[in-house]
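Below sits a lone chain in structure tokens, taken as the form predicted alone.
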């Protein structure tokens, strides 16, 4: 028993002594606050800490007055080893205060690096407090008074113009009655519309026939344009990019951070729907990542919206963060298929092995998501006719694979499964992908 105690105490003494020597030897040099700021940002300290406010971890302002340099170096570099080996009561109390959530280990930082960070915390200016702007009822609602006044004025002036036109015509007729020649000119038959616009004898044709002919031409053209509009524009939301209640950036998450689409859209391989991620999925990261370093120590405004929807208080005691009044986020749907069209995400992603970008475009580059493709039937059919089916390692297409292999063995280069370039080509169309009942039932 006693040898074990001596051995453990010796280890504690040696570790503490080594850390003390390391810190003391470095303390002879003046810490560098500028380098400390770079290290603070490079190691993402701001994702869990703010200088003047408790977030995931404690506020860091004045930490040098609460703990010694030796203590800080040991805690930052490896708080787990520090707690278990030295049994330091302050370290254990801090660990328990935050519900047993251990701080990350930063053994990549030297003692000198840690003291540089401490020096930055000492000298960092206090964040300016944001001025809260409270919108009044008149600011919160759209004020259309000016528009209504302008419309009223347009109506009044239009009525005045009509009255003046009638008065002008009446005065001209009264004046003409004093001059027989002028009155005769006013009463003389006037040229019809077609006589004015059509040359020669064409303008003297029967006006009824000419009217019907003009209606047929322009009506036909209008009908054609209406038909084109109905099949290419109505119900097609290509380019539609509505503002969402929370500004989620796919460019940041899927592009820069390389978060797999299936992490958030977790049902895409199992269900018809790709699913809208639950806010608890967001909290897997944003319970800790609050981007306080970008907002003067305050939590990101968009992350605050997530907290508000979940009735979550990050400053509450562990186990009491969630309140009783969560509410759903009213996301705006972007991709809408008509009710008579069936589309299954699992069929295309898991079986067809299609990437999200096939239909949704370069989603990883979109700051604001928009509909990339028309999603019309013609667009789907073109894909089914041209997309190559991977059958080699896909049991779902085993029957198609065997059928194609048999046809190729029998017909050689004349097989329908050979493309114009001489390569084997298997498409969804060859597997019944153009049958009406596949998408409409």
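Numbering follows the first chain given and starts at 1. In this text, the rigid core denotes the largest set of C-alpha atoms whose superposition between the two forms falls within 1.5 Å. What you are looking at is a predicted structure, and each value in this text was computed from that prediction instead of being measured.
Omitted here: the form predicted in complex with heme C (HEC). The next part is about that form.
Visitor: Report yes if any heavy atom of residue 355 sits within 4.5 Å of a heavy atom of heme C (HEC) in the predicted bound form; otherwise report no.
Guide: Yes, residue 355 lies within 4.5 Å of heme C (HEC) in the predicted bound form.
Visitor: Is there a heavy atom of residue 67 no more than 4.5 Å from a heavy atom of heme C (HEC) in the predicted bound form?
Guide: So residue 67 counts as contacting heme C (HEC).
Visitor: May I ask you to state whether residue 126 is within 4.5 Å of heme C (HEC) in the predicted bound form, using heavy atom distances?
Guide: No - in the predicted bound form, heavy atoms of residue 126 and heme C (HEC) never come within 4.5 Å of each other.
Visitor: Is residue 376 part of the interface with heme C (HEC) in the predicted bound form - any heavy atom within 4.5 Å?
Guide: Residue 376: yes, in contact with heme C (HEC) in the predicted bound form.
Visitor: Counting only non-hydrogen atoms, which stretch in 158 to 166, 271 to 279, 318 to 326, 210 to 218 is within 4.5 Å of heme C (HEC) in the predicted bound form?
Guide: Looking at the partner contacts, the answer comes out as 271 to 279.
Visitor: Considering heme C (HEC) in the predicted bound form, which of 259, 222, 308, 151 comes within 4.5 Å of it through any heavy atom?
Guide: Comparing distances to heme C (HEC) in the predicted bound form, the residue within 4.5 Å is 259.
Visitor: Only one of 347, 110, 296, 237 comes within 4.5 Å of heme C (HEC) in the predicted bound form by heavy atoms, so just point that one out.
Guide: Of the candidates 347, 110, 296, 237, 347 is the one lying within 4.5 Å of heme C (HEC) in the predicted bound form.
Visitor: Does anything in 243 to 265 come within 4.5 Å of heme C (HEC) in the predicted bound form by heavy atoms, and if so which residues, in order?
Guide: Heavy-atom contacts within 4.5 Å come from 244, 246, 247, 248, 250, 252, 253, 254, 257, 259, 260, 261, 263, 264, 265.
Visitor: Relative to the superposed rigid core, does residue 55 relocate between the shown form and the other one - that is, does its Cα move 2 Å or more?
Guide: Passes the 2 Å threshold, so yes.
Visitor: Verify the C-alpha shift of residue 110 between the shown form and the other one: is it 2 Å or more after superposing the core?
Guide: Shift at residue 110: 2 Å or more after core fit.
Visitor: After a rigid core superposition, would you say the CA of residue 269 moves by 2 angstroms or more between the shown form and the other one, or not?
Guide: It does not, since the residue 269 C-alpha is displaced less than 2 Å between the shown form and the other one after the core fit.
Visitor: Work out whether the Cα atoms of residue 303 and residue 58 come closer together or move farther apart in the predicted bound form than they are in this form, the change being 3 angstroms or more.
Guide: It is farther: in the predicted bound form, the C-alpha atoms of residue 303 and residue 58 lie at least 3 Å more apart than they do here.
Visitor: Tell me whether residue 76 and residue 316 end up closer or farther apart in the predicted bound form, going by their C-alpha atoms; the shift is 3 Å or more.
Guide: More distant in the predicted bound form, by 3 Å or more.
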